[in-house]
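Take a look at this single chain, the form predicted on its own, given in C-alpha coordinates.
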(Lines give C-alpha, C1' and ligand atoms only; values in the text may rest on other atoms or scores of the structure.)
Protein backbone atom coordinates (compact mmCIF):
# COMPACT_ATOMS: atom_id res chain seq x y z
CA UNK A 1 0.00 0.00 0.00
CA UNK A 2 1.24 3.50 -0.86
CA UNK A 3 2.18 5.88 1.95
CA UNK A 4 0.49 9.04 0.70
CA UNK A 5 1.88 11.26 3.44
CA UNK A 6 5.46 10.17 2.69
CA UNK A 7 4.99 11.18 -0.94
CA UNK A 8 3.28 14.46 -0.01
CA UNK A 9 5.89 15.46 2.59
CA UNK A 10 8.62 15.07 -0.02
CA UNK A 11 6.87 17.04 -2.74
CA UNK A 12 7.75 20.70 -3.28
CA UNK A 13 4.53 22.01 -1.75
CA UNK A 14 4.32 19.36 0.94
CA UNK A 15 7.88 19.98 2.12
CA UNK A 16 7.20 23.70 2.60
CA UNK A 17 3.93 23.04 4.37
CA UNK A 18 5.47 20.41 6.66
CA UNK A 19 8.28 22.82 7.59
CA UNK A 20 5.84 25.66 8.25
CA UNK A 21 3.58 23.55 10.47
CA UNK A 22 6.37 21.62 12.17
CA UNK A 23 5.15 18.31 10.78
CA UNK A 24 7.49 15.31 10.44
CA UNK A 25 9.10 14.82 7.07
CA UNK A 26 10.22 11.20 6.65
CA UNK A 27 12.85 10.63 3.96
CA UNK A 28 12.28 7.94 1.30
CA UNK A 29 14.70 5.14 2.10
CA UNK A 30 17.36 3.95 -0.30
CA UNK A 31 16.86 0.25 -1.04
CA UNK A 32 19.05 -2.36 -2.63
CA UNK A 33 19.48 -2.48 -6.40
CA UNK A 34 21.35 -5.33 -8.00
CA UNK A 35 24.88 -4.65 -9.28
CA UNK A 36 25.19 -1.38 -7.34
CA UNK A 37 28.06 -0.86 -4.88
CA UNK A 38 27.57 -1.84 -1.26
CA UNK A 39 27.70 1.83 -0.30
CA UNK A 40 27.61 4.95 -2.49
CA UNK A 41 29.65 7.54 -0.65
CA UNK A 42 32.64 7.97 1.63
CA UNK A 43 33.16 6.14 4.90
CA UNK A 44 34.81 7.66 7.97
CA UNK A 45 36.54 5.14 10.23
CA UNK A 46 37.27 6.44 13.72
CA UNK A 47 38.41 4.94 16.99
CA UNK A 48 38.81 5.62 20.66
CA UNK A 49 41.99 4.81 22.59
CA UNK A 50 43.61 1.39 22.14
CA UNK A 51 41.25 0.16 19.40
CA UNK A 52 41.30 -3.52 18.44
CA UNK A 53 39.35 -3.63 15.19
CA UNK A 54 40.99 -1.03 12.94
CA UNK A 55 43.02 -3.52 10.84
CA UNK A 56 39.94 -5.69 10.34
CA UNK A 57 37.80 -2.67 9.41
CA UNK A 58 40.37 -1.48 6.89
CA UNK A 59 40.62 -4.94 5.36
CA UNK A 60 36.84 -5.34 5.16
CA UNK A 61 36.55 -1.89 3.57
CA UNK A 62 39.05 -2.88 0.92
CA UNK A 63 37.20 -6.10 0.15
CA UNK A 64 33.88 -4.24 -0.18
CA UNK A 65 35.42 -1.30 -2.10
CA UNK A 66 33.50 1.16 0.01
CA UNK A 67 34.79 4.32 -1.67
CA UNK A 68 32.46 4.33 -4.67
CA UNK A 69 33.96 7.41 -6.31
CA UNK A 70 37.11 5.68 -7.56
CA UNK A 71 36.22 2.09 -6.56
CA UNK A 72 39.60 2.08 -4.85
CA UNK A 73 40.57 2.85 -1.29
CA UNK A 74 43.14 5.65 -1.00
CA UNK A 75 45.90 5.52 1.57
CA UNK A 76 44.96 5.69 5.23
CA UNK A 77 45.47 9.20 6.60
CA UNK A 78 45.58 9.87 10.33
CA UNK A 79 44.37 13.00 12.07
CA UNK A 80 43.93 14.05 15.68
CA UNK A 81 41.19 16.36 16.85
CA UNK A 82 41.31 18.58 19.94
CA UNK A 83 40.32 15.66 22.19
CA UNK A 84 43.26 13.62 20.96
CA UNK A 85 40.98 11.15 19.18
CA UNK A 86 42.65 9.31 16.33
CA UNK A 87 40.52 9.15 13.20
CA UNK A 88 40.98 8.17 9.61
CA UNK A 89 39.06 9.50 6.63
CA UNK A 90 38.79 7.66 3.35
CA UNK A 91 39.56 10.15 0.61
CA UNK A 92 42.88 11.97 0.40
CA UNK A 93 42.70 15.75 0.43
CA UNK A 94 39.12 16.06 1.68
CA UNK A 95 38.35 18.81 4.17
CA UNK A 96 37.06 17.88 7.63
CA UNK A 97 33.28 18.08 7.64
CA UNK A 98 32.89 16.85 4.08
CA UNK A 99 29.73 14.77 3.56
CA UNK A 100 30.07 11.13 4.49
CA UNK A 101 27.75 8.21 3.91
CA UNK A 102 28.82 6.14 6.89
CA UNK A 103 30.70 6.30 10.17
CA UNK A 104 32.39 3.25 11.66
CA UNK A 105 33.58 3.80 15.23
CA UNK A 106 35.78 1.24 16.96
CA UNK A 107 34.81 1.48 20.63
CA UNK A 108 36.42 -1.80 21.69
CA UNK A 109 39.24 0.05 23.47
CA UNK A 110 36.96 2.08 25.76
CA UNK A 111 37.72 0.65 29.21
CA UNK A 112 37.02 3.69 31.40
CA UNK A 113 33.93 5.88 31.59
CA UNK A 114 35.83 9.12 30.96
CA UNK A 115 37.25 7.70 27.74
CA UNK A 116 33.79 7.97 26.21
CA UNK A 117 34.61 11.65 25.68
CA UNK A 118 36.39 10.48 22.55
CA UNK A 119 33.15 9.07 21.18
CA UNK A 120 31.24 12.21 22.17
CA UNK A 121 33.61 14.46 20.21
CA UNK A 122 33.57 12.14 17.21
CA UNK A 123 29.79 12.02 17.00
CA UNK A 124 29.41 15.74 17.59
CA UNK A 125 31.86 16.42 14.77
CA UNK A 126 30.40 13.99 12.25
CA UNK A 127 26.66 13.31 12.61
CA UNK A 128 25.70 16.53 10.81
CA UNK A 129 27.91 15.48 7.91
CA UNK A 130 26.01 12.23 7.34
CA UNK A 131 24.11 12.03 4.07
CA UNK A 132 20.46 10.84 3.91
CA UNK A 133 20.09 7.05 4.30
CA UNK A 134 23.55 7.04 5.85
CA UNK A 135 24.90 4.58 8.38
CA UNK A 136 26.50 4.70 11.82
CA UNK A 137 28.02 1.53 13.24
CA UNK A 138 29.49 1.41 16.72
CA UNK A 139 31.71 -1.64 17.15
CA UNK A 140 32.26 -2.74 20.72
CA UNK A 141 32.68 -5.72 23.05
CA UNK A 142 29.88 -7.57 24.75
CA UNK A 143 29.63 -6.44 28.40
CA UNK A 144 29.34 -10.10 29.41
CA UNK A 145 32.78 -10.75 27.92
CA UNK A 146 34.47 -7.96 29.88
CA UNK A 147 36.48 -8.89 32.97
CA UNK A 148 36.75 -5.34 34.33
CA UNK A 149 33.78 -3.59 35.95
CA UNK A 150 34.36 -0.18 34.34
CA UNK A 151 34.98 -1.72 30.94
CA UNK A 152 31.73 -3.67 31.15
CA UNK A 153 29.95 -0.53 32.33
CA UNK A 154 31.06 1.69 29.47
CA UNK A 155 30.49 -1.04 26.90
CA UNK A 156 26.92 -1.47 28.16
CA UNK A 157 26.42 2.31 28.17
CA UNK A 158 27.01 2.31 24.41
CA UNK A 159 23.64 0.63 23.93
CA UNK A 160 21.74 3.56 25.42
CA UNK A 161 23.76 6.03 23.38
CA UNK A 162 23.18 4.06 20.19
CA UNK A 163 19.41 3.83 20.67
CA UNK A 164 19.13 7.56 21.41
CA UNK A 165 21.35 8.49 18.48
CA UNK A 166 19.22 6.37 16.15
CA UNK A 167 16.21 8.50 17.14
CA UNK A 168 18.08 11.79 16.75
CA UNK A 169 19.72 11.50 13.34
CA UNK A 170 16.51 11.03 11.26
CA UNK A 171 16.82 11.44 7.44
CA UNK A 172 16.66 7.68 6.98
CA UNK A 173 19.99 7.17 8.76
CA UNK A 174 20.37 3.80 10.50
CA UNK A 175 22.47 3.26 13.64
CA UNK A 176 23.61 -0.11 15.00
CA UNK A 177 25.77 -1.45 17.83
CA UNK A 178 27.82 -4.50 16.84
CA UNK A 179 29.35 -6.38 19.78
CA UNK A 180 32.33 -8.22 18.33
CA UNK A 181 33.70 -11.23 20.19
CA UNK A 182 37.46 -11.63 20.38
CA UNK A 183 38.54 -13.75 17.44
CA UNK A 184 35.53 -12.73 15.32
CA UNK A 185 37.26 -9.75 13.72
CA UNK A 186 38.32 -11.63 10.61
CA UNK A 187 34.70 -12.32 9.60
CA UNK A 188 33.43 -8.73 9.83
CA UNK A 189 33.13 -8.31 6.05
CA UNK A 190 29.76 -10.07 5.96
CA UNK A 191 28.49 -7.90 8.80
CA UNK A 192 29.51 -4.64 7.12
CA UNK A 193 28.21 -5.84 3.76
CA UNK A 194 24.67 -5.96 5.18
CA UNK A 195 24.50 -3.17 7.72
CA UNK A 196 26.22 -0.58 5.50
CA UNK A 197 24.14 -1.40 2.44
CA UNK A 198 20.58 -0.46 1.43
CA UNK A 199 19.62 -4.08 2.20
CA UNK A 200 19.28 -2.98 5.84
CA UNK A 201 17.23 0.14 5.04
CA UNK A 202 14.57 -0.49 7.71
CA UNK A 203 16.85 -1.97 10.38
CA UNK A 204 18.01 0.51 13.01
CA UNK A 205 18.65 0.75 16.73
CA UNK A 206 19.79 -2.87 16.94
CA UNK A 207 22.37 -4.63 19.12
CA UNK A 208 24.00 -7.52 17.25
CA UNK A 209 26.36 -10.01 18.91
CA UNK A 210 28.98 -10.94 16.30
CA UNK A 211 30.38 -14.28 17.40
CA UNK A 212 33.52 -16.09 16.40
CA UNK A 213 32.60 -18.35 13.45
CA UNK A 214 34.20 -21.35 15.17
CA UNK A 215 31.45 -21.21 17.81
CA UNK A 216 28.84 -21.57 15.08
CA UNK A 217 30.69 -23.64 12.48
CA UNK A 218 33.11 -25.98 14.28
CA UNK A 219 36.34 -26.75 12.46
CA UNK A 220 35.38 -30.43 12.42
CA UNK A 221 32.62 -29.67 9.92
CA UNK A 222 33.55 -29.07 6.26
CA UNK A 223 31.64 -25.81 5.88
CA UNK A 224 32.24 -23.93 2.63
CA UNK A 225 31.50 -20.22 2.84
CA UNK A 226 30.83 -18.41 -0.41
CA UNK A 227 32.62 -15.15 -1.17
CA UNK A 228 30.18 -13.98 -3.87
CA UNK A 229 28.36 -11.04 -2.27
CA UNK A 230 26.07 -10.74 -5.31
CA UNK A 231 24.93 -14.37 -5.18
CA UNK A 232 25.52 -15.40 -1.56
CA UNK A 233 22.86 -18.12 -1.76
CA UNK A 234 23.97 -19.67 -5.05
CA UNK A 235 22.94 -23.31 -5.24
CA UNK A 236 21.38 -23.43 -1.77
CA UNK A 237 18.05 -25.25 -1.41
CA UNK A 238 15.65 -23.41 0.90
CA UNK A 239 12.09 -23.87 2.14
CA UNK A 240 9.83 -20.84 2.72
CA UNK A 241 6.47 -21.29 4.44
CA UNK A 242 3.58 -18.89 3.91
CA UNK A 243 5.05 -18.00 0.52
CA UNK A 244 1.93 -17.27 -1.53
CA UNK A 245 1.71 -13.53 -0.84
CA UNK A 246 2.96 -10.52 1.11
CA UNK A 247 6.13 -10.95 3.10
CA UNK A 248 6.38 -14.63 2.20
CA UNK A 249 6.35 -13.94 -1.52
CA UNK A 250 8.95 -11.20 -1.07
CA UNK A 251 11.15 -13.63 0.87
CA UNK A 252 10.95 -16.24 -1.90
CA UNK A 253 11.74 -13.63 -4.55
CA UNK A 254 14.70 -12.20 -2.65
CA UNK A 255 16.20 -15.61 -1.87
CA UNK A 256 15.90 -16.58 -5.53
CA UNK A 257 17.48 -13.29 -6.59
CA UNK A 258 20.46 -14.17 -4.40
CA UNK A 259 20.84 -17.54 -6.12
CA UNK A 260 18.75 -19.92 -4.00
CA UNK A 261 16.49 -22.70 -5.25
CA UNK A 262 13.26 -22.16 -3.34
CA UNK A 263 10.54 -24.57 -2.28
CA UNK A 264 7.45 -22.40 -1.72
CA UNK A 265 4.93 -23.73 0.81
CA UNK A 266 1.45 -22.53 1.75
CA UNK A 267 -1.98 -23.92 2.57
CA UNK A 268 -3.79 -25.82 -0.23
CA UNK A 269 -6.46 -23.10 -0.45
CA UNK A 270 -3.73 -20.73 -1.71
CA UNK A 271 -2.39 -23.20 -4.27
CA UNK A 272 -3.03 -20.96 -7.31
CA UNK A 273 -1.24 -17.94 -5.86
CA UNK A 274 1.51 -20.20 -4.53
CA UNK A 275 2.10 -21.69 -7.98
CA UNK A 276 2.39 -18.20 -9.45
CA UNK A 277 5.07 -17.21 -6.92
CA UNK A 278 6.94 -20.49 -7.47
CA UNK A 279 6.99 -19.93 -11.22
CA UNK A 280 8.20 -16.35 -10.75
CA UNK A 281 11.19 -17.48 -8.69
CA UNK A 282 11.95 -20.61 -10.68
CA UNK A 283 11.13 -22.76 -7.68
CA UNK A 284 8.62 -25.40 -6.66
CA UNK A 285 5.16 -25.07 -5.11
CA UNK A 286 4.30 -27.31 -2.14
CA UNK A 287 0.65 -26.93 -1.04
CA UNK A 288 0.59 -28.16 2.56
CA UNK A 289 -1.10 -27.27 5.84
CA UNK A 290 1.72 -27.13 8.41
CA UNK A 291 -0.76 -27.92 11.19
CA UNK A 292 -1.51 -31.32 9.66
CA UNK A 293 -0.21 -34.06 12.01
CA UNK A 294 1.71 -35.56 9.08
CA UNK A 295 3.17 -32.26 7.84
CA UNK A 296 6.58 -32.66 9.50
CA UNK A 297 7.10 -36.13 8.05
CA UNK A 298 5.92 -34.92 4.64
CA UNK A 299 8.60 -32.25 4.75
CA UNK A 300 11.25 -34.77 5.80
CA UNK A 301 10.35 -36.93 2.81
CA UNK A 302 10.42 -33.93 0.48
CA UNK A 303 13.79 -32.78 1.82
CA UNK A 304 15.25 -36.23 1.25
CA UNK A 305 13.96 -36.29 -2.32
CA UNK A 306 15.61 -32.90 -2.86
CA UNK A 307 18.93 -34.16 -1.53
CA UNK A 308 18.54 -32.25 1.73
CA UNK A 309 17.82 -28.60 2.44
CA UNK A 310 20.24 -25.82 3.30
CA UNK A 311 17.72 -23.85 5.29
CA UNK A 312 14.14 -23.13 6.29
CA UNK A 313 12.26 -19.84 6.69
CA UNK A 314 9.29 -20.18 9.06
CA UNK A 315 7.17 -17.30 7.78
CA UNK A 316 3.65 -18.77 7.87
CA UNK A 317 1.50 -17.00 10.44
CA UNK A 318 -2.05 -15.90 11.20
CA UNK A 319 -3.86 -13.46 13.50
CA UNK A 320 -7.19 -13.90 15.28
CA UNK A 321 -7.41 -10.73 17.36
CA UNK A 322 -9.61 -10.43 20.45
CA UNK A 323 -9.00 -9.37 24.01
CA UNK A 324 -8.39 -12.50 26.05
CA UNK A 325 -11.69 -12.06 27.94
CA UNK A 326 -13.56 -12.30 24.62
CA UNK A 327 -11.30 -14.70 22.79
CA UNK A 328 -12.83 -18.08 21.87
CA UNK A 329 -10.64 -21.11 22.42
CA UNK A 330 -10.33 -21.88 18.71
CA UNK A 331 -8.84 -18.39 18.12
CA UNK A 332 -6.21 -19.01 20.77
CA UNK A 333 -5.39 -22.50 19.61
CA UNK A 334 -5.26 -21.80 15.87
CA UNK A 335 -2.82 -18.89 16.30
CA UNK A 336 -0.52 -20.69 18.71
CA UNK A 337 -0.54 -23.83 16.57
CA UNK A 338 0.24 -22.14 13.25
CA UNK A 339 2.68 -19.55 14.56
CA UNK A 340 4.58 -21.51 17.19
CA UNK A 341 3.80 -25.20 17.67
CA UNK A 342 4.11 -26.17 14.00
CA UNK A 343 7.47 -24.40 13.42
CA UNK A 344 8.82 -25.96 16.63
CA UNK A 345 7.74 -29.48 15.64
CA UNK A 346 8.90 -29.13 12.04
CA UNK A 347 12.30 -27.72 12.99
CA UNK A 348 13.00 -30.45 15.53
CA UNK A 349 11.80 -33.17 13.15
CA UNK A 350 14.00 -31.93 10.30
CA UNK A 351 16.94 -31.72 12.69
CA UNK A 352 16.38 -35.22 14.07
CA UNK A 353 15.94 -36.68 10.58
CA UNK A 354 19.29 -35.18 9.53
CA UNK A 355 17.88 -33.75 6.31
CA UNK A 356 19.41 -30.30 6.89
CA UNK A 357 22.86 -29.61 5.44
CA UNK A 358 25.88 -29.32 7.73
CA UNK A 359 25.83 -25.51 7.49
CA UNK A 360 22.04 -25.07 7.34
CA UNK A 361 20.36 -21.93 8.63
CA UNK A 362 16.84 -21.50 9.97
CA UNK A 363 15.06 -18.16 10.30
CA UNK A 364 11.78 -17.73 12.17
CA UNK A 365 9.53 -14.71 11.73
CA UNK A 366 8.57 -13.19 15.07
CA UNK A 367 6.99 -9.75 15.53
CA UNK A 368 7.25 -6.52 17.51
CA UNK A 369 4.04 -7.72 19.15
CA UNK A 370 6.01 -10.59 20.66
CA UNK A 371 8.45 -8.09 22.20
CA UNK A 372 6.20 -5.21 23.26
CA UNK A 373 2.76 -6.84 23.36
CA UNK A 374 -0.38 -5.38 21.81
CA UNK A 375 -3.98 -4.93 22.89
CA UNK A 376 -6.18 -7.70 21.55
CA UNK A 377 -3.22 -9.89 20.60
CA UNK A 378 -2.45 -12.02 23.65
CA UNK A 379 -2.53 -15.13 21.46
CA UNK A 380 -0.39 -13.58 18.72
CA UNK A 381 2.08 -12.04 21.19
CA UNK A 382 2.39 -15.36 23.02
CA UNK A 383 3.17 -17.15 19.78
CA UNK A 384 5.66 -14.58 18.53
CA UNK A 385 7.45 -14.27 21.87
CA UNK A 386 7.55 -18.06 21.85
CA UNK A 387 9.30 -17.96 18.49
CA UNK A 388 12.07 -15.93 20.12
CA UNK A 389 12.29 -18.49 22.90
CA UNK A 390 12.46 -21.28 20.34
CA UNK A 391 15.35 -19.62 18.53
CA UNK A 392 17.31 -18.88 21.67
CA UNK A 393 16.80 -22.33 23.19
CA UNK A 394 17.68 -24.22 20.00
CA UNK A 395 20.74 -22.10 19.14
CA UNK A 396 23.25 -24.27 21.08
CA UNK A 397 22.03 -27.45 19.38
CA UNK A 398 22.30 -25.79 16.00
CA UNK A 399 25.78 -24.44 16.76
CA UNK A 400 26.96 -27.90 17.76
CA UNK A 401 26.06 -29.07 14.26
CA UNK A 402 27.64 -26.10 12.50
CA UNK A 403 24.21 -24.58 11.84
CA UNK A 404 22.48 -21.41 13.00
CA UNK A 405 18.94 -20.38 13.91
CA UNK A 406 17.79 -16.77 14.22
CA UNK A 407 14.64 -14.67 14.13
CA UNK A 408 13.43 -11.43 12.60
CA UNK A 409 10.79 -9.27 14.28
CA UNK A 410 8.99 -7.03 11.77
CA UNK A 411 7.32 -3.83 12.90
CA UNK A 412 4.76 -1.98 10.78
CA UNK A 413 5.14 -3.41 7.27
CA UNK A 414 3.02 -2.28 4.31
CA UNK A 415 1.00 -5.42 3.49
CA UNK A 416 -2.60 -6.37 2.78
CA UNK A 417 -3.04 -6.97 6.51
CA UNK A 418 -1.91 -3.49 7.55
CA UNK A 419 -3.90 -1.93 4.69
CA UNK A 420 -7.05 -3.22 6.39
CA UNK A 421 -6.23 -1.40 9.65
CA UNK A 422 -8.38 1.71 10.34
CA UNK A 423 -6.80 4.90 8.96
CA UNK A 424 -5.88 6.59 12.27
CA UNK A 425 -4.29 3.45 13.71
CA UNK A 426 -2.49 2.76 10.44
CA UNK A 427 -1.00 6.25 10.35
CA UNK A 428 0.13 5.94 13.98
CA UNK A 429 1.79 2.63 13.17
CA UNK A 430 3.63 4.18 10.26
CA UNK A 431 4.96 7.19 12.15
CA UNK A 432 5.83 5.58 15.50
CA UNK A 433 9.39 4.74 14.60
CA UNK A 434 12.65 6.57 14.03
CA UNK A 435 12.26 6.34 10.24
CA UNK A 436 8.77 7.90 10.34
CA UNK A 437 7.33 5.41 7.87
CA UNK A 438 6.26 1.82 7.42
CA UNK A 439 8.61 -0.78 6.05
CA UNK A 440 8.13 -2.85 2.90
CA UNK A 441 7.97 -6.65 2.63
CA UNK A 442 11.34 -6.54 0.89
CA UNK A 443 12.90 -5.05 4.04
CA UNK A 444 12.01 -8.19 5.98
CA UNK A 445 13.09 -10.34 3.04
CA UNK A 446 16.51 -8.68 2.77
CA UNK A 447 17.24 -9.31 6.44
CA UNK A 448 16.16 -12.93 6.15
CA UNK A 449 18.24 -13.41 3.00
CA UNK A 450 21.30 -12.17 4.87
CA UNK A 451 20.61 -14.44 7.85
CA UNK A 452 20.21 -17.37 5.47
CA UNK A 453 23.55 -16.66 3.83
CA UNK A 454 27.14 -17.44 4.87
CA UNK A 455 27.71 -13.67 5.17
CA UNK A 456 25.96 -13.79 8.57
CA UNK A 457 28.15 -16.55 9.93
CA UNK A 458 28.79 -14.62 13.16
CA UNK A 459 25.10 -14.59 14.17
CA UNK A 460 23.22 -17.35 16.02
CA UNK A 461 20.31 -17.37 18.46
CA UNK A 462 19.54 -13.70 17.89
CA UNK A 463 16.55 -11.53 16.98
CA UNK A 464 16.83 -8.67 14.51
CA UNK A 465 14.01 -6.15 14.54
CA UNK A 466 12.99 -4.90 11.10
CA UNK A 467 10.96 -1.98 12.40
CA UNK A 468 12.71 1.30 11.62
CA UNK A 469 13.49 1.41 15.38
CA UNK A 470 9.88 1.23 16.53
CA UNK A 471 8.97 3.26 19.59
CA UNK A 472 7.29 0.13 20.95
CA UNK A 473 9.29 -2.36 22.98
CA UNK A 474 12.95 -2.21 23.97
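No experiment lies behind these values; they were computed from the predicted model shown. Numbering follows the first chain given and starts at 1.
A second form of this protein, the form predicted in complex with a small molecule, is not displayed here; the remarks below concern that form.
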item: Exercise: residue 48 in contact with the small molecule in the predicted complex, heavy atom 4.5 Å; value: no
item: Exercise: residue 417 in contact with the small molecule in the predicted complex, heavy atom 4.5 Å; value: yes
item: In the predicted complex, residue 174 touching the small molecule (heavy atom, 4.5 Å); value: no
item: 4.5 Å heavy atom contact, residue 265 to the small molecule in the predicted complex; value: yes
item: Site check 101, 134 and 197: each within 4.5 Å of the small molecule in the predicted complex by heavy atom; value: no
item: Interface stretch in the predicted complex with the small molecule - options 124 to 132, 160 to 168, 287 to 295, 189 to 197, non-hydrogen atom within 4.5 Å; value: 287 to 295
item: In the predicted complex, the residue from 373, 246, 308, 143 that sits within 4.5 Å of the small molecule by heavy atoms; value: 246
item: One residue of 39, 53, 60, 413 in contact with the small molecule, assessed in the predicted complex (non-hydrogen atom, 4.5 angstroms); value: 413
